Structures are given as structure tokens and as C-alpha cells.
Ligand SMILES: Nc1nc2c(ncn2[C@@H]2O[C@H](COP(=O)(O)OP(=O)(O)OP(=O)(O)O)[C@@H](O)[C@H]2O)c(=O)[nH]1
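This document opens with one chain alone, in C-alpha cells, the form predicted on its own.
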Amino acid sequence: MTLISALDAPMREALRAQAGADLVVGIPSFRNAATIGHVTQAAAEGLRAHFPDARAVIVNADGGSEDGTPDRVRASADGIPTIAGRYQGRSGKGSAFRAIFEAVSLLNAKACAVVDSDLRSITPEWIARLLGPVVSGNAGYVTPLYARHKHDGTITNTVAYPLTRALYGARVRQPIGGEFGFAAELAHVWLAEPVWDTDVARFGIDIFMTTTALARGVRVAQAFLGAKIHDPKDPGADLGPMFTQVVGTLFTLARHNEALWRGVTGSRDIAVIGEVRPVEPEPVNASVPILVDKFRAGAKEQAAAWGGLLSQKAQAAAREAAESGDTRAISGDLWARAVYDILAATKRREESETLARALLPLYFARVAALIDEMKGLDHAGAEGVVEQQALAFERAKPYLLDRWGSGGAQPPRL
């Protein structure tokens, strides 16, 4: 299938006028007028301060904002050439990133950093740490490492981090963090993949980028960025669609990369750029009653599907938790095996998003259980709980291999 370029004619023309630029900072956006000016200003200051001899361009790929978002970008770049316009194609963050990748290619740039448009904690130093390792040749892909409140980043903490770590053996703490640095060659690789009419065009983009880099053996580093303060979402109220898109993409990529992850045992540390300092992030609200309500409603909807996917132990625990409203039985070990049950089913069923949706109610339950496990803990203590969750995925990998070998058929009693 031939896709229309994500860049419209005016953006292409503006980019051609900047051909030969060395560095790009890309900012995807949709209705972010309140925050994107600060993000753009920090990016411009970072480029001037840390890469004074480089030709740089800021590219804003917007989803059709009507609040003046692109105008705020143009007004805040403070002398750095800026190209702002609406991307073309399927609506979503991934399509905006695709436009930025195309801009990197059209400019013949060497490296790019992308940053979210709702950041309130970004500083010029973020640009240095995301781009610096790529410019110096010490990394081809840089992921963020920052402190997030224990109720923020729940998709990362429960699935994206532990599953990526267990499958590919790399402790990439924020594989869907939102801020990345990468060499231009990776942008070309991502553009060439036939994924832009899938969930990768939406919230699947971050995990697609990280997994592709790991699968291709690209040298990965993590940039310590301090605290991430942005417009967080309540995991119970807002994150259902994001979960199915991220997890559906994770499952699809795992199916394609089976030859890579089958032989991986344990995990390795990933180098960190910058001194890691203790940070206590701003509080983030999470409604346990909403999580429990969504779990119970989803358990009814998915009961038939679970019968052909989950082990009898997982089904029994989920059924009892739904009846009682007490989610503590959805432990880290049970959750890891439930994820593996459904991942294994993708070997015989390619509808990854449908399978991810079957996992969604258990995600709500697991997040509610995690909130209970983290009660009273500071950031460091909560991180310890997340690490235990990741280790549960590593310990259970032989279970995944057994389930995968059976094609995900006939869920076991255990």
C-alpha cells in the first residue's frame, strides 16, 4: 500500500529552504497552546547553548489545533528556524512523528530529538542529553530516564517496561516515555516499515521506535532528565485506548521478532547519560474506585474470551476479584503470566488489538493492586515495586516459551 506523505506542500517547501540542517527538534501537538510555547523556548535555548555551531530546525507537526498551537511555536523559537504545520494521514501521535521523520530525511539532517508538547518540566539540558550522545556517536537511540509519580506511567510500569525487558533483555526504563533522540538512519528505517495504517500511527509509535531500535541492535542509551511534569491522565478514566494501542503494537512486534527474543534470558543495564539524582515528582491523581468499576465491567465483557486465553488460575483470581471488588489477588506474578497467556495467543491469532483489549480489564485491576502495594512509599520505594514487577516477567519467561510452543492453545490449569 502506498501512503501519502505526512508532509503537506507548504511544509515541504519550507523544509527545502532549510536543506542541509544538521539537527532537528520535533514537537508533535494537538491543542497544546497552553504549554507548547515553553517547550519550544526550552528546545531553542538548548540548541543554541549546547550545539552553537550546528544548523538546527524546530519542526512542529500538528494535528489540526484550533487554539493557536502552531502560532505559539513560531512565536517562541527565538531565532531558531521553525516549521509548523498540520501533518497528513491518520490522526494520532504516530502520524505526527512520521511527518517529523520525513522532515529529517528531507533536510538530510544527522540527528533528531522529539519532545512532548505538554511538558512543564523541560529544560534546555534535556535537548543536550537527548541529542548529545547521538551527535558524538556514542548512541544511535536515546530514551528518557526520569522520575514520574508512582501513579503516573502505569502502562509503562505494568507492561511496556517489564515486557520489553523480559523479551529483549534490555532494561529500558521508559520505552514509551515520549522524549527520544535518534540518528537520522533510524528515521529512515522507521519510515520504511509498512506500519503507518496501524496503531503505530497513534499511541503505538513510542514502543514501535524502541522495539525496532533494540531488534536492530542499535546502541541505546538513557538520558536522565529529572522529573517529568506534564498533563497526566488518570489511569482509570483516560488510558483505555492508549493501553490497547501500545499493547497491541507490543504483541505484533513480539510475533514478528520471535527469533530474537526466544533465546534471551535475564536482562542487561543500559548506559545512563547524566548524573541520576533523587527526585520526588509532583503527585498524580488515580481513582481506585474507577479502576475497580472498569475492571468489573470489563470482566463481564471479556469472560468468554478469557476462557480461551487465560489459565484457570488467572480466570479464577479475576472472577473472585471482580465479585469482591478486592484486586489484591491480581499479583505481579499472576499479571505477568496473564500477559504471557494472551501474548502467546497472537501466534495463532493476529488480531493483536482485540487480544490487547481482552487484557485491559486485568490492567485496571493490576493498577489498582499496585496502588495498594505502593501505599505510603516514596518515589524510591515505588520504584522497588516496579522492579519486582519486572523481575516477575523475567522469572515467568519459561512459562511464555511453553505457552508459545503450544501456539497459545488450551490454557493450563496453573
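Note that the coordinates shown come from a computational prediction; the quantities given were computed from them, not determined experimentally. Numbers for residues come from their place in the sequence shown, where the first is 1.
A second form of this protein, the form predicted together with the ligand, is not displayed here; the remarks below concern that form.
- When you look in the model of the complex, the only residue of S331, S105, S91, N257 with a non-hydrogen atom within 4.5 Å of the ligand is S91.
- Partner contact region in the model of the complex: 93 to 101, out of 336 to 344, 93 to 101, 213 to 221, 311 to 319, criterion any non-hydrogen atom within 4.5 Å of the ligand.
- In the model of the complex, at least one heavy atom of D62 sits within 4.5 Å of the ligand.
- Interface residue remark: P28 is counted as part of the site for the ligand in the model of the complex, having a heavy atom within 4.5 Å.
- In the model of the complex, the ligand lies within 4.5 Å of some heavy atom of N32.
- Using a 4.5 angstroms limit between non-hydrogen atoms, R148 touches the ligand in the model of the complex.
- Contact annotation for 119 to 144: no residue has a non-hydrogen atom within 4.5 angstroms of the ligand in the model of the complex.
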